[in-house]
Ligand SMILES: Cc1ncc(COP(=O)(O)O)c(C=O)c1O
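So this first bit is one chain, no partners, the form predicted on its own, shown in structure tokens.
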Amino acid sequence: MKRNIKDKILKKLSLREEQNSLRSLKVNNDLIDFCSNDYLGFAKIPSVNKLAHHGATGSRLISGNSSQFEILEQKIAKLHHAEAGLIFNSGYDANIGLFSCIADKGDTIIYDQYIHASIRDGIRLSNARSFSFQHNDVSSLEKKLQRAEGHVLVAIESVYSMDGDEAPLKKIIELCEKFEASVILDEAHATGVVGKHGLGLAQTLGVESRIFARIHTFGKAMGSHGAIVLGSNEFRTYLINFARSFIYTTALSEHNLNTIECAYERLIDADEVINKLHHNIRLFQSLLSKKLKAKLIPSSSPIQCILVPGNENVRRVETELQNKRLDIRAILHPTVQQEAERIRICIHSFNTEEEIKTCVKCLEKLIP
């Protein structure tokens, strides 16, 4: 029996409406920013002091490659203490490409249950077996490693985007070494934020040489677009040959590359801005009452989440906050588990003390 695809679409949208989880796009240009990933304010600074002469022309395997790409990849890899790097058009493209091609039938990918959707999608496109382990739970990971077969890969993030907490990276690496498993680390929300010069959690802990691959994205604190996968020279060559999201897409333009390069140049001299960011995070936390601290998910990152169970409840709080000119967003089920819905506050280096005090005051009034 043939079915009408329009009916299916309408039914699924109607169900989302019933569950109070239907998403929509919003334009709130005049609100105080407590929701973007522009942690250091780089996206607000005019970046192109180098004029871009050339637009995008095609895949890097055909007409889109340039010496600028090669030099920038080498420069970023050196800064992150990696042998080589390959730039993708986005963090999503990087994870889709990497995970869909790195494991074959008979191999195993084990991932943290809170891993980003882009990694989950990449795993689905692979032929490997896959298991999740309980969030940041080393014992749970060990149980899954005991069941793993073939080449074993463990996917984790430095800082998790929905909770803002860090992975117990050293413990996970030690366990993976015991089971001869390779770690793939997504540093998306750590880039520009964690460690000296904001170079990420792996370098802060001095464990970068013990990690198979790292992904640093430019669309968060770097205020740009794109991502780089870091690893060995051989792995870079492998991705060029097998990562479909790299092979079959138009390469970034010269303008994009200039922006990425400018962001990294700023990052090297951005310790004062990074320190201001962490000062603002501590200020925000210090102003919270016991009531809100009890609902706060522990995090030392710019991502500060306060639990407000129920899509309807958290949406009401979001609306009231935006009515008070605070651009703060609700995170709904099914993005997070039911009864773990939350208000997600992103702290920035450019948020003023007065803005942070206003934010906390409003949260105190609106969250029971």
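Residue positions are given as counts along the sequence shown, with the first one as 1. Source: prediction; values computed, not measured.
Beyond what is shown, the protein has a form predicted in complex with the ligand; the following relates to that form.
The ligand in the model of the complex comes within 4.5 Å of a heavy atom belonging to residue 118. Shown alone here, residue 214 lies farther than 4.5 Å from the ligand in the model of the complex, counting heavy atoms only. Proximity of residue 91 to the ligand in the model of the complex falls within the 4.5 Å heavy atom cutoff. The ligand is not shown here, and in the model of the complex it never comes within 4.5 Å of any heavy atom of residue 85.
With the partner omitted from this view, the residue of 226, 198, 164, 231 that lies near the ligand in the model of the complex is 226 [heavy atom within 4.5 Å]. Between the options 110, 102, 188, 202, the residue in contact with the ligand in the model of the complex by a heavy atom within 4.5 angstroms is 188. The stretch that touches the ligand in the model of the complex, counting heavy atoms within 4.5 Å, is 217-225, out of 217-225, 280-288, 170-178, 120-128.
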